[in-house]
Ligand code: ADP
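One chain is shown next in structure tokens, namely the form predicted on its own.
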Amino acid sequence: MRRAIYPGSFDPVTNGHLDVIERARKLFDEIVVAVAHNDEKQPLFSLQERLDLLRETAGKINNVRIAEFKGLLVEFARTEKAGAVVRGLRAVSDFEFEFQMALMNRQLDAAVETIFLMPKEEYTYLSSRIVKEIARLGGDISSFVPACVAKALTRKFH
């Protein structure tokens, strides 16, 4: 089975994330969407809320599994028997950081490849950070996130 990990904080999941998941499904038999524990970040949504929102959206897609992980991504990939890590690239600004991470992961475990996928053009400017800011300011986010995420953001900010 060709399995890939799609890691992230998903705070919250956006339509751009879902687009990358759909693209990755065409290349792999199973996609494990892995929500990272990151003690350095202060997420808006708790780990459980992020997992729940992913299960409600991406978790309903065939051959997609939602999981959480802590520690090194390559260790998680090894545990999951995944041969690849999928990362979304929106713009050149993403590339430098993602390239460094991919090279470091290759140093840690050369058996795990990193695959970069670009979302649809309409999602290239989309990020969880921007969505949260628009929601905080009362803007319409309905075209950027699934309905359940829009409701959850509204509850957080209003």
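Being a predicted model, the structure only gives us computed values, none of them experimental. In this text, residue numbers run from 1 along the sequence as written.
The form predicted together with the ligand is left out here; the points below concern that form.
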### Query
If contact means any heavy atom within 4.5 Å, which of 55-63, 120-128, 24-32, 105-113 contacts the ligand in the predicted complex?
120-128
### Message
Contact check in the predicted complex: 43, 139 and 155 versus the ligand, with a cutoff of 4.5 Å between any heavy atoms. Do all three pass?
### Response
no
### in the predicted complex, residue 94 touching the ligand (heavy atom, 4.5 Å)
yes
### Query
Does the 4.5 Å heavy atom contact test between residue 68 and the ligand in the predicted complex come out positive?
no
### Query
Quick one: is residue 49 in contact with the ligand in the predicted complex, heavy atoms, 4.5 Å cut-off?
no
### Query
Does the ligand get within 4.5 angstroms of any non-hydrogen atom of residue 149 in the predicted complex?
no
### Message
Can you list, in sequence order, the residues from 133-158 that come within 4.5 Å of the ligand in the predicted complex, counting heavy atoms only?
### Response
none
